[in-house]
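Okay, so here's just one chain, in C-alpha cells, the form predicted on its own.
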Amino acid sequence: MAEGQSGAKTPADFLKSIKGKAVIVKLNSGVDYRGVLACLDGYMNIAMEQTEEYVNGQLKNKYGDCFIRGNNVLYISTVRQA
C-alpha cells in the first residue's frame, strides 16, 4: 500500500461498517430519514428500522421499518454521537 493510504477506506467499506448504526438518509427531494440502517444492496436500496421522517428539519412521521429505493438517495451519513 502506498504511503498515506494505510487508513484509506472505500465507500463500500464505509457502508459495510455502518450497518446496524444510526444514520441519516437524505433524498433528492430534500426529505431526511433518520434511523438504524438494517441493510442495503448494490443499487443503494436501503432498509431502515426505528425510522423518523423529517421535512424541512421538522419531524413529520415515525415508522417502524422503512424501505427506500436507491435512485432517490442523495447521501447517507452517520449520526454524530455527543
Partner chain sequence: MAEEDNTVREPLDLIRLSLDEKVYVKLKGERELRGKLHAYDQHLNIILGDVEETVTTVEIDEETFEEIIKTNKRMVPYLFVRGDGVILVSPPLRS
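Computed from a predicted structure; not experimentally measured. Numbering follows the first chain given and starts at 1.
The same protein also has a form predicted in complex with its partner chain, omitted here; what follows describes it.
message: So, a 4.5 angstroms cut-off on heavy atom distances: do all three of 27, 39 and 46 pass it with respect to its partner chain in the predicted bound form?
response: All of them do, each having a heavy atom within 4.5 Å of the partner.
message: Residue-level contact is defined here as any heavy atom of the residue lying within 4.5 Å of its partner chain in the predicted bound form; does residue 64 satisfy this criterion?
response: Residue-level check for residue 64: yes, a contact with its partner chain.
task: Give a yes/no on whether residue 9 approaches its partner chain to within 4.5 Å in the predicted bound form, heavy atoms considered.
output: No, residue 9 is distant from the partner.
query: So in the predicted bound form, does any heavy atom of residue 68 sit within 4.5 Å of its partner chain?
result: Judged by the heavy-atom cut-off of 4.5 Å, residue 68 is in contact with its partner chain in the predicted bound form.
field: Contact of residue 72 with its partner chain in the predicted bound form (heavy atom, 4.5 Å)
entry: Judged by the heavy-atom cut-off of 4.5 Å, residue 72 is in contact with its partner chain in the predicted bound form.
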